[in-house]
Structures are given as C-alpha cells and as structure tokens.
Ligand SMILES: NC(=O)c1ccc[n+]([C@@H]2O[C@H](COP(=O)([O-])OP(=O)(O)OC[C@H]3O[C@@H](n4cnc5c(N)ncnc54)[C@H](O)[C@@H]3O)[C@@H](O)[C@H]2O)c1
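Taking the form predicted alone, here's one chain by itself in structure tokens.
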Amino acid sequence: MSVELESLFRLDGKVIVVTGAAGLLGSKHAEAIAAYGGIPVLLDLSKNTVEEQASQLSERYNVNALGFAIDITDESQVERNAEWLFDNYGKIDGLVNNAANNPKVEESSEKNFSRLENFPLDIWNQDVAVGLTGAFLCAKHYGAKISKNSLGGSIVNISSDLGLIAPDQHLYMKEGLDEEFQAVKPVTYSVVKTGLIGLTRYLATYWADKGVRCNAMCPGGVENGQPEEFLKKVNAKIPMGRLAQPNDYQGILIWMLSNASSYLNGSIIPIDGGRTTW
C-alpha cells in the first residue's frame, strides 16, 4: 500500500474546531480528531469541562488539544476566537458544527409546553439561536479563515435523521393520556436540523473555488438510558434494530474531515441504521 493511501484518513496537524464539544457526541467527535492526529479545538459554555477534556486528549493522543468557553450565539466571542486561532496557528482546517439545544420530550401532568400549540416563543428563539444561528456565525468566522488556507478544508454540519423525516410522535405516546398531555418531540429540533441541511448546500458552493468543502451528517438517535418501552418501539422503526452507540459516528466524521473525502461536497449523509430508507 502506498504512503498516500495509508495516510488518506490522517488529520495530522489539522486545526479543527468542534462546537458543543462537552456533549455526548461532541466529546466523541473531538476524541476521533485527536486519535487521527488532528488538533481539536473544543468549544462549549463550560470552561472547566472543555479544558479538562482538552488536557486528557492531549495526554492520551499526544496532540495539542485546546478548550475554550465560547457562547456561539455571541458573534464577538466567535470572531475573537477565530482570530486568535488564526494568529497562533496561521490556519484553521476544519469546523464541526455540532452544538445544539436538544429539546427533550416533555412529560408532565400539567399543560405540556413541548406541544406545538403551547410551545413558548422564548424557547423557540433559544433553540434556533444555538443550533442554527450559532452554526451560521461559526461558518461565517471560522469558515472564512478556512477559506484562506492554501489547501482549503472541510466543514461538517451535524444535522439529524429528523432533518430528513418528521418525528414519529407515536413513539412518545402513552396509553390513557388525553391528547393535550401527550409527549411530543418539540418543533425546534426538526426546524434546526432541516435548516442545517440548507446551510450545508449554501456553504458547499460558496467557497468551493477555494477548496472548502461542506457536508452534513444526519445521525439517528443514540442509546443513552432511554426507557425499555421506548427503545422497543423505536428499534422496530430501524432496519438494523437498534439505536446508535455514541462512537458509531466517529469513522464517518474522520472520513468527512480528511482527504479520503476530497471530492465530497454538498452531500447530506444519513447514518441512521436505515431508518430513513423505509
């Protein structure tokens, strides 16, 4: 095997920003980048959390991982961080737009605010600000720096299978409850994840002449302590018969960030065990 093929998936020395890095999948994204030699830049709201994560990754994988407390809805914070990284490294090679509020299915004996007819405007604004406006601001500033890189780079937006299909609200229903009290997946999740697909297509054409690719991952749900009753129902909707494990998306991310996908641009890739195939 040639040296070029052996190094196809490597990220050695690449500076890659990961938003929402303290979350369940964000931490796995950062770990994968470090494992393949990249320099993960971990962004989240908790300074102590991302700095501790960065320290652990640096020690384990012998990379110079960094952690910053950044509110990605605050453009001045994003802009300053992008400038700092560019001044100190002379480049930014990649961006993983992972941060999002994950509105939970609400279960309450009182008025259920997650239902569309009750959904509060302030929660709508918060969810859209983090998941969609934040991704736009990061693309605007980190993406602009990537476009100055002589070798270009890669932007990966983390959408969802629910950016491709509507949530099946029957999964959350419980017998004996009136409709007004039934739990639902909130509207903002679908709107934000669908919006990221539109952002992906826009970015894929915007800096393509500068070698900047943009693609979207559409992960399915991750098993994370859900009730057995729910798992039984949702697994029946998935051809592979299970939800994802937290590390199921790491290989796909490395492929999308690395030279192994050098001609992949504007692609919307479901990784959902086949759920959106049915």
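Start at 1 with the first residue shown and count on from there. Nothing here was measured: the structure is a model prediction, and the numbers come from that model.
FYI, the form predicted in complex with the ligand isn't displayed, but the following is about it.
- Contact here is defined as any heavy atom lying within 4.5 Å of the ligand in the model of the complex, and by that definition not a single one of Ser154, Gly211 and Ser261 is a contact residue.
- The stretch among 219-227, 234-242, 54-62, 31-39 whose residues place heavy atoms within 4.5 Å of the ligand in the model of the complex is 219-227.
- Taking the partner from elsewhere, Lys193 is found to have a heavy atom lying within 4.5 Å of the ligand in the model of the complex.
- In the model of the complex, at least one heavy atom of Gly26 sits within 4.5 Å of the ligand.
- Although the partner is absent here, Ile254 is not a contact residue: none of its heavy atoms lies within 4.5 angstroms of the ligand in the model of the complex.
- Although the partner is absent here, Leu11 lies well away from the ligand in the model of the complex, with no heavy atom inside 4.5 Å.
- For the options Ala99, Ala204, Leu132, Leu85, the one in contact with the ligand in the model of the complex, meaning a heavy atom within 4.5 Å, is Ala99.
- Contacts to the ligand in the model of the complex (heavy atom within 4.5 Å) from stretch 57-81: Ile70, Asp71, Ile72, Thr73.
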